[in-house]
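Only one chain comes next, encoded as structure tokens, the form predicted on its own.
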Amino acid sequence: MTQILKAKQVVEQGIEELSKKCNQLKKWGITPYMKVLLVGENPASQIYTRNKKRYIEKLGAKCDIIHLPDSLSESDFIFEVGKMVSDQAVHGCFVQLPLPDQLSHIDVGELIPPSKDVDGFHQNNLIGVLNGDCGEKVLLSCTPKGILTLLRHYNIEVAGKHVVIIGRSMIVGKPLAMLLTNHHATVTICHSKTQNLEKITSQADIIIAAIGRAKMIGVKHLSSSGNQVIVDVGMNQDENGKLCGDVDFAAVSERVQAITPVPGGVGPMTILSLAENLFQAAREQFEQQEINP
């Protein structure tokens, strides 16, 4: 029978563990504090930031959303980011994407210092992963980190396995490939120009779909073994306006060993990873202050 890799149990366990860590940090005089910069009135972005704030505060930490108008100029945006990251009380921060058109060209990952980069997008953090770090010294990109946490919870081993990632973004595909390699997986990255995709995915032990196309991955992409694991990163809408992933769940779910649902799979793991990064950043900044008061 197919195992459904739901995030709920993992997240509940994470809340318990992080709440304890927060209490410990508070004993040291530290309340983990995150700021989020939100520009414009994008409904999805407003929901995402509210959910993140609610989750962080549930742990006993602090989170503020800086909500700025859609018409914000580039110079004002840079100023606001600078003000946010220079706040000594703040341990972690990020800019909610997407940005309005006049700001969309800005590489926001480079505006946040690596020590406060809870999204894990700064080049120093990415280079750390490229150099073999698995999160011991750097802040990992949240979705890749969440995927590894989810697989680990369900005792799905990646070492020695062939993992096929469909998608090559800097948010998921590329950092995930590096992280999986650090965990001793053999990784193939596929994308929109890949030929014979079905042949490649049929040879995979684990398929991770992060292409952003509703129900793109179907039965034809699977092997006949029934032993594959499917991780669906997609968040799309189908022809009826219903939330769905990059995988045709109904078609493939009975033909694989395990699969993540959408919703309730990778999405909540990303928010858990964000909170873990915040607590890691707070602890490391405290330890650094102790060394260099």
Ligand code: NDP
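The numbering used is simple: start at 1 and walk along the sequence shown. All figures in this text were calculated on a predicted structure; none of them were measured in a lab.
Keep in mind the form predicted together with the ligand is missing from the figure; the text below concerns it.
Chemist: For the chain shown here without its partner, which stretch in 203-211, 149-157, 100-108, 75-83 has non-hydrogen atoms within 4.5 angstroms of the ligand in the predicted bound form?
Modeler: In the other structure, the partner sits against 203-211.
Chemist: Thinking of Gly167, Ile171 and Thr270 as the candidate spot, does the ligand come within 4.5 Å of a heavy atom on all of them in the predicted bound form?
Modeler: Heavy-atom distance to the ligand in the predicted bound form: all three under 4.5 Å.
Chemist: Report the residue, out of Lys220, His162, His191, Lys137, that has at least one non-hydrogen atom within 4.5 angstroms of the ligand in the predicted bound form.
Modeler: Of the listed residues, the single hit is His191.
Chemist: Ok, Ile65, Leu68, Ala251, Met235: which has a heavy atom sitting within 4.5 Å of the ligand in the predicted bound form?
Modeler: Contact with the ligand in the predicted bound form is made by Met235 alone.
Chemist: Since only the chain is shown here, I'm wondering whether Val229 would be in contact with the ligand in the predicted bound form (any heavy atom pair within 4.5 Å).
Modeler: Residue-level check for Val229: no, no contact with the ligand.
Chemist: Is Thr143 part of the interface with the ligand in the predicted bound form - any heavy atom within 4.5 Å?
Modeler: Thr143: contacts the ligand in the predicted bound form.
Chemist: Please check if Val266 has a heavy atom lying within 4.5 Å of any heavy atom of the ligand in the predicted bound form.
Modeler: It does: once the ligand is placed as it appears in the predicted bound form, Val266 has a heavy atom within 4.5 Å of it.
Chemist: Tell me, yes or no, whether Val187 is in contact with the ligand in the predicted bound form, where a contact means a heavy atom of each within 4.5 Å.
Modeler: It does not: once the ligand is placed as it appears in the predicted bound form, Val187 has no heavy atom within 4.5 Å of it.
Chemist: Just give me the residues of 216-231, first to last, that have a heavy atom within 4.5 Å of the ligand in the predicted bound form.
Modeler: The one in contact is Met216.
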